[in-house]
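Consider the single chain below, provided in structure tokens and representing the form predicted on its own.
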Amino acid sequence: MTALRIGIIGYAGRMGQAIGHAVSTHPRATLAGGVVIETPPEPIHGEPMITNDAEKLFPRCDVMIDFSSPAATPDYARMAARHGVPFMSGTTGLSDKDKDALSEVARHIPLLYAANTSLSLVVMKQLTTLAARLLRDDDYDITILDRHHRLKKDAPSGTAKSLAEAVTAGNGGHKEPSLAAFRAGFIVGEHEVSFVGEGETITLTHTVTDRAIFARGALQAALWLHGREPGLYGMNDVLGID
């Protein structure tokens, strides 16, 4: 099987580097190159292209993975559509307007957006929806807590918001969860959803200790996306969950 050529936007960042490592060790993927902000040295012949001009990299890619910034992601998505390249983005902090822009692009190319690419988090969301549905008519308060490293810019996290959506999917908005966020030290990512009743609490917890988890999930999503019909996809689709 021919390895798919993967491009990475935000290659110089922590996630970009982690994805690059995941690509280098995967039998079905090869690194086409990466987009960085600062002008890189001229690439050596035969090496992946490292450039600050994404337009040059897109023609070399079978799939593009984006971990850039909310201000840049919609423009990169439109660029992907112009080049006909499937686009997978894990950029967090997107506004509703940004997400609408991705939905528009998804009319033309396969596009997968996920604020968190951990495969086990997909299971966490399913459990959250189930608990919210089963407890809908009982007197339970719902809280969502997210903890991340001190450099994370968005709070609450995109993952916390998606867990809130999972609650609403279960209880139809009967009771909204309260969200709290802590930014400290070097925590990769921790999320808790608690259903608190009189004298008892149910807590669902998802903890990530290694950023490589997100990188492997993002790569798996990108490989799955290749060859799909135009449309907007998520991690549920990667795991075959309706």
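Note that this is a predicted model, so its numbers are computed, not measured. In case it trips you up, residue 1 is the first one in the sequence shown, and so on.
The same protein also exists as the form predicted together with a small molecule; that form is not shown, yet it is the one meant from here on.
Consider Thr92 of the chain shown here, and say whether it contacts the small molecule in the predicted bound form, taking contact as heavy atoms within 4.5 Å.
Contact check for Thr92: yes, within 4.5 Å of the small molecule in the predicted bound form.
Counting only non-hydrogen atoms and a 4.5 angstroms cut-off, does Ile65 reach the small molecule in the predicted bound form?
Residue-level check for Ile65: no, no contact with the small molecule.
Does Ser69 reach the small molecule in the predicted bound form, with heavy atoms at most 4.5 Å apart?
Yes, Ser69 is a contact residue.
With a cut-off of 4.5 Å between heavy atoms, is Ala221 one of the residues that contacts the small molecule in the predicted bound form?
No, Ala221 stays farther than 4.5 Å from the small molecule in the predicted bound form.
Candidate from Val36, Leu179, Leu204, Ile187 lying within 4.5 Å of the small molecule in the predicted bound form - any heavy atom
Only one option qualifies, and that one is Val36.
Listed residue (Lys97, Lys153, Arg107, Arg82) with a non-hydrogen atom within 4.5 angstroms of the small molecule in the predicted bound form:
It is Lys153.
In the predicted bound form, which of 165 to 173, 99 to 107, 124 to 132, 83 to 91 comes within 4.5 Å of the small molecule (heavy atoms)?
Of the stretches listed, the one contacting the partner is 83 to 91.
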